[in-house]
Structures are given as C-alpha cells and as structure tokens.
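Read the single chain below, which is given as structure tokens and is the form predicted alone.
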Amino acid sequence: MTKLVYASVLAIAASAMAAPAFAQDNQECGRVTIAEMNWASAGVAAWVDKIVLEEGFGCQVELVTGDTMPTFTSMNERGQPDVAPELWINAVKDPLEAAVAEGRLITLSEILTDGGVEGWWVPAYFAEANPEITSVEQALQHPDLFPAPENAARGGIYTCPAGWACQITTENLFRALDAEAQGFDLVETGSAAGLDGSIGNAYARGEPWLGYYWAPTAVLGMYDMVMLPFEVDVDEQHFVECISVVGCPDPQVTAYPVAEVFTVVTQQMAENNPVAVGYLETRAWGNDTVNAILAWQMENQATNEDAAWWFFENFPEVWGAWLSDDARTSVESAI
C-alpha cells in the first residue's frame, strides 16, 4: 500500500471516529495518549497501538513525541502520557521500581518477547562457510578471516559510534578477550550510518564481517546475520559495574544480558481504562517480526504510520492473536 493510500485510509478512519461502534464487552474506551518514541521500533509500536485502539476498540488516541528519560519523567511526575509502548527498563531501572512501588506507574506486558538483544555478529553466509567458528572466542583465533579495512594483516572488529554505550561495552570486551594480542584491531565506524554501511558493503561483496550489532533493527531485517555466542554466561553485575563503564581497569568476559523492554502505563490509566489496558497486556511481538517491519520501512523510506499499516497487511497471524473476534474484524475492515 502506498503512502497516498495510507493517508486516504486514515482520513476515512478519522471520519468514522465520529460514530465509533467498537467497544468491547460493553465497556467504553476513552481518550488515550501514547508516547511515540524517537527510535524506529517504538515509533511503529505506537502507531500499531493507535490503530488497534481506535479501529478495534473505539478509543480516541493522541500520539505525543517521546524519548526514554523525558517520557518516563513526565509519566512519573505528571501522569502524562498514559502509555510508553516500548520502554527499555535498564535505562530507568531504579526510578521505575520506585514509581511502581509507590503506585504511580504500572509495568504491563513485555512488548519484545525475546527482549532487546546485543552481541557480536557475522554474516550468515560466512557462518555457513565456516561451521567450525561457533563462538566469539573461536572467531578471535582467525584474524586472517576478518581482515581489517585499513590493515589487512590484522583482523577487524567493527564497533559502535563514539559516545554510544555500545562503544564502551565493545571496547571493554575487546580488552577482556585480549583480542589485540590475538591480531585484531577495533574498527571505528564513525556513525550509525557508517556501522550499518559496513555491514551492507560486506554483504554486497560477500566478504566477512565481525562486530557489534543489536536487535530489533532494520539492518537485521535486511541482512541475514548470525550472533556468535560468548563461551561464558551472562554476569549482569560485572556487565553493569565494569563492562558498561568507560575504561574499566579489569574487564572480564561476559555475554551481553538481554534487555527487558516493557509497556508501561500510568496508575490512572490502569484504573480508568480496562479496555485499552487489556489490549496492552496481551500485545507483544518478536524481534524477527520487528526486524522485518523496520527493514521494509527503511527500504521504502516510510513513516512509522506506513510501517504500521504494512504490518497489519503482512502479519495478520501476529496482531490477530492479540484481539477478540469482534476487534479483529473491526481492524481488518480498516486495512
């Protein structure tokens, strides 16, 4: 569906809201404000929720601009917006626990069923051609297989842009693994586009690539990548206290912990809008689904709204499972 058609659909939907008939189980859904966070997966999630709540349940939904700390602070202190669809818990762990304990905020469903995933990845074609390399540690025994772009005599590990938290964790793990002594250099990518472009260039040429990346993202929807496990389990305390700290003096190897990503609502929302909360408690999707949506969005330079409609068209088995028969029929009629 083109952007123009999407706009037409929304215009029709907006006019239909003048006489909604989608209340579920005789309960009415009122006005709901949802944070449209400024990263892609959360932005699309906000639009998916808006469309379901409006078309399936007759809610009146307003999206407001959001980001992790401003949205959390506003919800915690002012009770607005009502919903943060995709809140990465680690970023606000302590104040969120306090807000929940003191009855201001409610943590609902885990929107990403497999959580936020970080790690060191290689292209799938490389993994298939080198089945003996099944871990990060084994990859580091073969710097010759991952020639650095500026010095092919050494291996290269692609890292995050300067200033990102993942640059810190990658550098500390690089030292913990003694990767330099094993013949590797860290490859600075300069920007998110540079990191993404390094994967795209490797794929276009069928070349090896080893480095940090995360999900859900468009890149992992566009390119078939394999995350290499570390040969140790997760040590969350060490990850937080050392691996995530600039220049940690004695980093030890640990796998990346899976990030908890939940939908959070205000206490007022939980008490006064059981229709919307009931939907939000059920709604969840996996990284493979989100990766595919974001890849389509990037390839088509589409908006969050367009990507949400594309999701409804192409993943009926996912969103259909969230809804009652009546609500599902109502959403289907809007597609």
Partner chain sequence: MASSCWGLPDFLCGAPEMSGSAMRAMRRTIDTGFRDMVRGASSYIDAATAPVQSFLNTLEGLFVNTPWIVVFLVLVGITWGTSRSWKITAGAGVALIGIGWFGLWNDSMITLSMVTVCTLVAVIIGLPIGILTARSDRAQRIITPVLDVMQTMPSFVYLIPVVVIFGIGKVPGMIAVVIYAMPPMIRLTNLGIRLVDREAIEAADAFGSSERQKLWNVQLPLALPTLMTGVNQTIMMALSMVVVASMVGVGGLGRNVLQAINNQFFTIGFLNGFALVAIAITFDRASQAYGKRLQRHKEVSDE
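Source: prediction; values computed, not measured. Numbering follows the first chain given and starts at 1. Under this definition, the rigid core comprises the largest set of C-alpha atoms superposing within 1.5 Å between the forms.
One more form of this protein should be noted, the form predicted in complex with its partner chain, which is absent from this view; the next part is about it.
When contacts are judged by a 4.5 Å heavy atom cut-off, Pro249 does not count as touching its partner chain in the model of the complex. Contact check for Gly190: a heavy atom falls within 4.5 Å of its partner chain in the model of the complex. Taking non-hydrogen atoms only, Asn300 approaches its partner chain to within 4.5 angstroms in the model of the complex. Within this chain, Gly163 lines the site of its partner chain in the model of the complex, having a heavy atom no more than 4.5 Å away.
For the candidate set Ser109, Thr254, Gln167, Asn76, a heavy atom within 4.5 Å of its partner chain in the model of the complex is found for exactly one residue, namely Gln167. Residue in contact with its partner chain in the model of the complex (any heavy atom within 4.5 Å), chosen from Pro229, Gly194, Pro95, Gly183: Gly194. Residues placing heavy atoms within 4.5 Å of its partner chain in the model of the complex fall in a single listed stretch, namely 142 to 150, out of 260 to 268, 142 to 150, 79 to 87, 230 to 238.
Looking at 97 to 134, no residue comes within 4.5 Å of its partner chain in the model of the complex, counting any heavy atom. Core-superposed comparison between the shown form and the other one: CA of Asp94 displaced by less than 2 Å. Relative to the superposed rigid core, the position of the CA of Pro257 differs between the shown form and the other one by less than 2 Å. Cα-Cα spacing of Tyr223 to Glu317 is enlarged in the model of the complex versus the present form (difference of at least 3 Å).
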